[in-house]
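Presented below, as structure tokens, is a lone chain in the form predicted on its own.
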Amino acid sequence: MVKRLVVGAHYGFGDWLLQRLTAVVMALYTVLLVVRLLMMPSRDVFAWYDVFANGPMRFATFLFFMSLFYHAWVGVRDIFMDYVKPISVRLALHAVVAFLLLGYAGWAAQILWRL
């Protein structure tokens, strides 16, 4: 009988695929934003306000930030699992990063819908 050694959480294909999908979302948003900024008639604060004033652009921006935060979570989580060996330190770092990313998500929503 072979005893298997458990070395990680084995999130595997699902997280790999979601990280690639979030990268695609962020790339598409970047192209959309660059095109939108190049089409601005002027470069003043009111033109910037108009870019983010409509609902679809706010939603796209929020989707970008959610993709960014999930992408960062998967990457940082994997780094912690690979390089931080004490479980208590790893869990503390996971908690800090998770709370920060959730706070950033709330902050992004507040900024976008405050306009």
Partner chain sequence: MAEATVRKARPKHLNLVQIRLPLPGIVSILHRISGVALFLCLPLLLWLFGASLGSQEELESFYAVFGFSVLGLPIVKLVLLGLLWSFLHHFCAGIRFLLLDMHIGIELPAARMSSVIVLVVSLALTVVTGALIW
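Numbering follows the first chain given and starts at 1. Everything numeric in this text was worked out from a predicted model, so none of it was measured.
The form predicted in complex with its partner chain is left out here; the points below concern that form.
Using a 4.5 Å cutoff between non-hydrogen atoms, Lys85 does not count as a contact of its partner chain in the model of the complex. In the model of the complex, Arg90 stays away from its partner chain, with no heavy atom inside 4.5 Å.
Contact check for Thr30: a non-hydrogen atom falls within 4.5 Å of its partner chain in the model of the complex. Taking the partner from the other structure, its partner chain in the model of the complex has a heavy atom within 4.5 Å of a heavy atom of Tyr104.
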